[in-house]
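Take a look at this single chain in structure tokens; it is the form predicted alone.
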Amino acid sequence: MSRPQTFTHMEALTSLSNNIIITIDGPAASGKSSVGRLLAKKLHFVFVSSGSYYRALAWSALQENIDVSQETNILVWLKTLHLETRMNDGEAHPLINQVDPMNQLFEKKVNVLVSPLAASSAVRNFLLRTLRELALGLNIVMEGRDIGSVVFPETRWKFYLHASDDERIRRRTQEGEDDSILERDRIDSTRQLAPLMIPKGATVIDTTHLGISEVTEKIFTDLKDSQ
């Protein structure tokens, strides 16, 4: 896997060494991607959306007509994949067999497949290694559904965003996305492997009535106060 380039420290945490990991977890449309991206830019960190990696695998499985209902099929298929990361304006983009599928990751078929595929132990183990390797020697903001609880449980900077169901549905509709977020949340919260949950020690933020900049500033203030 290709290594991303290194970005500078944020001024507010210059006393810390390299390899600062900030995790942002939460359900769909809670604001974690938008907030994580803005926070990373503010801090000059690398931004990683773990969901883009799961979606990239879902897209690939659709392209190759993989029957993901059988774990054996998934194991064989994963051995044929070449997954690497390309940096684009400080953000990690997954490439599958040298193809960047970013523009197709929110298609309806991908939305339907991503949660069932993410329940696969083979897929989660495959991406767990990938996501951890991304953080080697870097300062990163990574968002997802099990980042603070499973991927980086030891980091001291954990955040969990949530919002009311009505507000999250409104946001998805406003974005023009066709995504059954409540069903995805149900699947992800009840799966046995790495379920969606509030990580131990995470700061919980209700984003229902807050804008992206307001949530980002709350996190930034919390980071400064923790020094």
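Residue positions are given as counts along the sequence shown, with the first one as 1. Bear in mind that the values here come from a model prediction, so they are computed numbers and not experimental data.
Same protein, other form: the form predicted together with cytidine-5'-monophosphate, not shown, and the subject of what follows.
Heavy atoms of residue 115 reach within 4.5 Å of cytidine-5'-monophosphate in the predicted complex, making it an interface residue.
Though the partner is left out of this view, residue 34 does not reach within 4.5 Å of cytidine-5'-monophosphate in the predicted complex, counting heavy atoms only. Taking the partner from the other structure, cytidine-5'-monophosphate in the predicted complex has a heavy atom within 4.5 Å of a heavy atom of residue 124. Shown alone here, residue 141 lies farther than 4.5 Å from cytidine-5'-monophosphate in the predicted complex, counting heavy atoms only. For cytidine-5'-monophosphate in the predicted complex, the listed stretch (116-124, 81-89, 94-102, 133-141) containing residues with heavy atoms inside 4.5 Å is 116-124. Think of it this way: in the predicted complex, cytidine-5'-monophosphate has a heavy atom of just one of 162, 171, 41, 191 within 4.5 Å, and the residue is 191. Of all the residues from 142-167, those having a non-hydrogen atom no more than 4.5 Å from cytidine-5'-monophosphate in the predicted complex are 143, 144, 145, 146, 147.
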